[in-house]
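So this first bit is one chain, no partners, the form predicted alone, shown in structure tokens.
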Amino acid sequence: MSILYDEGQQAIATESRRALEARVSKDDLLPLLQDSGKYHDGFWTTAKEQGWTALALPEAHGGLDLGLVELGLIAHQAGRSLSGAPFLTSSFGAAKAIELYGSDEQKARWLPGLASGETIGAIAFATGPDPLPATPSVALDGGRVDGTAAGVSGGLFADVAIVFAREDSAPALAIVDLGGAKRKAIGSFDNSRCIADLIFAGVPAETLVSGEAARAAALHILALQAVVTAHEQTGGAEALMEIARDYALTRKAFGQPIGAFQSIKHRIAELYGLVELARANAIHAAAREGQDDFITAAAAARLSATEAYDTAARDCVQIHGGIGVTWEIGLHLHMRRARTLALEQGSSFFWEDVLVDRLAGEGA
């Protein structure tokens, strides 16, 4: 695929941006920082009404049968507007795990609800540098799980989770109905992510994949989510670049706009380069879904988007000076989101290792 969108895809981008800009505002998001256990209902309602939850899922189960490219367009606009809930990504990851590895019965039970948005999904892999540790913290035995899945994004409101567990000393992927799990809310940098520890004590579970194949399956699901997150990060970075540009053109110092100073104009130009590289990598990765090099492309997209968003969040605050750190202007919303997304789906260290291993394998 070209790294340019066709007319239909451009229409998706235009309409999703219009819908989100009308329904999501800074004033809606600021109160969420002070309270855990809440998310922006307006965003999630819009996602369900617009059919975004069904976008990349099969038509046979209530989906629209589009793909990762189209879902990435929505995620990009969600990143620009600072969507107040993580469920678009987490439910997509859970649904794809069931679609790719589940039985017909499991698909029939879970996919229609995930496609409509009435069911919320979560991916309960490990937190920290390595989301796929050699010894998972959750044990699967006899169709039940025990242990704690820590720091699960969206876990506070999820109905079903895909859990990376250990079964007879081997890795496994399992579907867990969270009706029987305990949840412990975790206050975080960005409380709208609804992060929670999921505590299992003999909770019924159904196996999706067992053995070493489970690790490869889990990495594939992480890569799918990483591409969606890369689009969201790129959207946030793009918004920050534009905010910095507009401020530099209007704020004056020593009788001229601060954008006339090299230290400012060069920084904004560098942000433009980072955003466009991240955009190209994200589109390329989305287009490679189902191909042999998808994991490699996803890792590259994840790394470049994380660098772009982190740099844009920092530089935009610095370009604004003192006003940039005030509550009212809201740039810290992007700063918090940039740091949070940098940790979801695995850290940069994890994806650097994945990229190096893949490239070394291709070069061998």
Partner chain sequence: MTDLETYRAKAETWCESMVPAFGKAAREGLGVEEDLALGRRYQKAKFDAGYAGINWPVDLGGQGLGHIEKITFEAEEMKHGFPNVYFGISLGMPVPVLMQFGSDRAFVKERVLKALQGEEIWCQLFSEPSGGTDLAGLRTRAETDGNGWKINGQKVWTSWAQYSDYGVIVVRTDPTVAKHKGLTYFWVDMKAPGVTVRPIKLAGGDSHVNEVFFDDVKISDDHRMSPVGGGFAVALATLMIERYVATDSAGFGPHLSLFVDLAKEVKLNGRPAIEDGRIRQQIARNHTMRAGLDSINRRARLMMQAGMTPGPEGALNKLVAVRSRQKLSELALDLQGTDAFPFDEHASSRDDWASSWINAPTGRIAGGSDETLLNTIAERILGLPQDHRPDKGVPFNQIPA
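These figures come from a predicted structure and were not determined experimentally. Numbering follows the first chain given and starts at 1.
Beyond what is shown, the protein has a form predicted in complex with the partner chain; the following relates to that form.
Of the residues given (243, 280, 139, 199), 280 alone sits with a heavy atom within 4.5 Å of the partner chain in the predicted bound form. Among 289, 206, 276, 146, the residue placing a heavy atom within 4.5 Å of the partner chain in the predicted bound form is 276. Site residues 14, 46 and 156 are none of them in contact with the partner chain in the predicted bound form, judged by any heavy atom within 4.5 Å. Using a 4.5 angstroms limit between non-hydrogen atoms, residue 270 touches the partner chain in the predicted bound form. Contact annotation for residue 180: none of its heavy atoms lies within 4.5 Å of the partner chain in the predicted bound form.
Within 4.5 Å of some heavy atom of the partner chain in the predicted bound form lies at least one heavy atom of residue 357. Within 4.5 Å of any heavy atom of the partner chain in the predicted bound form lies no heavy atom of residue 112. Listed stretches are 243 to 251, 164 to 172, 223 to 231, 86 to 94; the contact stretch with the partner chain in the predicted bound form is 243 to 251, by a heavy atom cutoff of 4.5 Å. Counting a residue when any of its non-hydrogen atoms is within 4.5 Å of the partner chain in the predicted bound form, the one hit in 20 to 40 is 34. In the predicted bound form, the Cα atoms of residue 348 and residue 128 sit 3 Å or more farther from each other than they do here.
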